[in-house]
Ligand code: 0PR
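This document starts with one chain, in the form predicted alone, laid out as structure tokens.
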């Protein structure tokens, strides 16, 4: 194939892919309102591309990228007050982190029951199937947080782990993690905190004066924490981190990796792209604590503004927002979601609690809220909600 034919073929392929991409919703438009992801920071995009060919599954080939991974894990360890003997595992996101945490709990305890809040992420359903564990669903209180008394009642000799949520996928609520921590310490139980969303929000909420509970390794009973940089960390998809209190535990899930340059590997993935890791570290270095505080404050200001506007048109929230997530109670959320899609807006239906979820991510501004509210009102009138 000559040079002209190569260029023509490339142009044809690019035009075809652009056509498909144009069918997608975009974060930059502001019209994606239901996602816990956002537009990656510009520095994340640049670094992702520079490290596109790197593979952290074969670290001796990419020692520089491996150093970046270590530096990023150190950033997360400081964010979560990790103890000296901790370890971090980089993966694709909250699902992989949750699976790995429960795999670890099963191997450490030899038990199979997990006490899981009924609003837990769907990844726990995968866990039950994949690694033969039984989910014991624990109900919520009126604030959509786990009922601690019920958790305590359900602990038995088969309990492998207790799960607490620091930023639920439905409403962004935070379970009473300190109380769960005390229960797990008293009963010598493995305690996993799913902070995939809240991990990049709660530490900064605390620093700007919000009254939110502790959720990290300052609590001595916390065993593992999952946190995703591709959510409020503003990095490129996919990038999740599982932080483990004691690095010695990892031996329980490590296998010999004789065909690459590491002796052993833990976690689910063998091949791991260095692109998302470099992107996440670049954003963390660029924003730092002050940048993330400013970002979280901005999101909360927009959340409070959106709450007021929603109340103005006569709709009710499921619960007062804990972080930058709003749930609007509706009789027929599916119909409202469909009508809003017709108007060019993407929100999420939370079937279990009959509401729609709006996540006020950094790409959602007051201007976007002002554009959205009239369409929401029209849609809800048409659907008979107001």
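The structure presented is a predicted model; accordingly, all values stated were derived computationally and were not measured. Numbering follows the first chain given and starts at 1.
Not on display, but discussed next: the form predicted together with the ligand.
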| query | finding |
| --- | --- |
| The ligand in the predicted bound form: contacting segment from 246-254, 142-150, 166-174, 282-290, heavy atom within 4.5 Å | 166-174 |
| Close approach of residue 55 to the ligand in the predicted bound form, 4.5 Å, heavy atom | no |
| Close approach of residue 357 to the ligand in the predicted bound form, 4.5 Å, heavy atom | yes |
| is_contact(residue 37, the ligand) in the predicted bound form, heavy atom dist at most 4.5 Å | yes |
| Residue 273 within 4.5 Å of the ligand in the predicted bound form, heavy atoms | no |
| Sole residue of 235, 224, 241, 98 within 4.5 Å of the ligand in the predicted bound form, by heavy atom | 98 |
| Residues in 290-313 with any heavy atom within 4.5 Å of the ligand in the predicted bound form | none |
